[in-house]
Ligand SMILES: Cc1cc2nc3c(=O)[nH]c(=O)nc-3n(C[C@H](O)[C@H](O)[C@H](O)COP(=O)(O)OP(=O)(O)OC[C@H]3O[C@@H](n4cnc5c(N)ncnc54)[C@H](O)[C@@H]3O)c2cc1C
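The chain below stands alone, shown as structure tokens; this is the form predicted alone.
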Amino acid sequence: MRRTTQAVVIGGGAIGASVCYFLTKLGMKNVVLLNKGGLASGSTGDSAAIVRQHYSNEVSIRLVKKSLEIFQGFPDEFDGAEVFTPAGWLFLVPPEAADALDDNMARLQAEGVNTWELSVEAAAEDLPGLNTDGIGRVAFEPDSGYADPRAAVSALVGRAEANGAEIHVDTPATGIESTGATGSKVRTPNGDIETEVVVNAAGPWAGEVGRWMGLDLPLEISREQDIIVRPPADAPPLRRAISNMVDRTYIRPEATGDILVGTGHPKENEPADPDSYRRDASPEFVRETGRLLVHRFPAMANAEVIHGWAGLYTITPDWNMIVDRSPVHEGHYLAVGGSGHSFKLAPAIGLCLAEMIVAGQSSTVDISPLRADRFDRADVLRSTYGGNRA
């Protein structure tokens, strides 16, 4: 392990891997990435990894639009790595959210997002077997879809390593000591690393790492569950990724033909300890999520649940990430509080934070709305739809 480096990135999920890769791409070759488990072994590996652009604040729209561009370019950038499936994405909206949808569609189209509205009848043709009860409006993004989160992290880290980075899995950071206005020492079980820059991209452990940095970050951890179901042989195949605001579910196909299903917000958070929480999906969740799936797609009545799991969201008060330089140490940087959005934003977040570290500010997207002090200033980001539909 290197004892002196330009930057240490703490976290081996999609955010940490993206920051590490883009630092090396921008010329900072002497970078060390530390992860307490295997790569993508935390929230990233548990992510549904739906990549959709329907956000309601400009910074998130611009970031996810850039991230989609990067995902689409993975085969060229990462030696043929195919991590993204452009299945198309549909957003099922209840009648009471019609005005919010109109406002948001105008905002998205003004930002250059390729999206339009489908009639409910057209959506039913596109999604054979769809029960249209309760659906008032439908938005469609033909370029969006879903990704393989583990393959994406592997590609990013592999290229970062080829560019000169050093990657250490199963090697947790155990503390940070400031050695001056910009210098730090990162402690690990294998020895200390002296560095100019420390990046906190630790996902559910970001609060602990923040305390080592002298920060009390406003983060809440919530346990979130998903299931995989195997459709009956006579059920129409599901081709699209779907966010269903009517039933508060999200659905997407797997490459095998199976279907991933989870439930969205608003709902009660389930506080969890990232080092000790129930990893399987509860029987109650499996039953209720299965019921919601069958309500919306009755042909799934005899679908078989073949797998279920629980991962973690790290949530900020406004459900948007903190991406910024630390307010108390010039050499410390934050990319924390993904709030269920971080995978789809990760490539652009990594690029923008790397630009801030290397050049002093981000030039690809203005990320100042994600600054760390916005909660103290009551300058939070607001959602058109409420909850985590940022």
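Each residue number is its position in the shown sequence, starting from 1. Every value quoted in this text rests on a predicted model; they were computed, and no experiment measured them.
Keep in mind that the form predicted together with the ligand is missing from the display, and what follows is about it.
Participant: Looking at I251, A173, V197, L108 here, can you tell me which has any non-hydrogen atom within 4.5 angstroms of the ligand in the predicted complex?
Facilitator: By the 4.5 Å heavy-atom cutoff, the listed residue in contact is A173.
Participant: Work out which of E77, D148, D226, E166 lies within 4.5 Å of the ligand in the predicted complex, going by heavy atoms.
Facilitator: The residue from E77, D148, D226, E166 that makes the contact is D226.
Participant: With the partner absent here, would I10, W212 and H341 each sit within 4.5 Å of the ligand in the predicted complex, counting heavy atoms only?
Facilitator: Yes, because I10, W212 and H341 each have a heavy atom that approaches the ligand to within 4.5 Å in the predicted complex.
Participant: At 4.5 Å between heavy atoms, is P327 in contact with the ligand in the predicted complex?
Facilitator: No, P327 stays farther than 4.5 Å from the ligand in the predicted complex.
Participant: In the predicted complex, is there a heavy atom of the ligand that lies within 4.5 Å of any heavy atom of K36, even though the partner is absent here?
Facilitator: Taking the distances in the predicted complex, the answer for K36 is yes, it comes within 4.5 Å of the ligand.
Participant: Quick one: does L370 come within 4.5 Å of the ligand in the predicted complex, counting heavy atoms only?
Facilitator: Looking in the predicted complex, residue contacts with the ligand do not include L370, since no heavy atom lies within 4.5 Å.
Participant: Examine A139 and determine whether its closest non-hydrogen atom to the ligand in the predicted complex is within 4.5 angstroms.
Facilitator: The answer is no: A139 has no heavy atom within 4.5 Å of the ligand.
Participant: Want to guess which of 88-96, 298-306, 203-211, 120-128 is within 4.5 Å of the ligand in the predicted complex, heavy atoms only?
Facilitator: In the other structure, the partner sits against 203-211.
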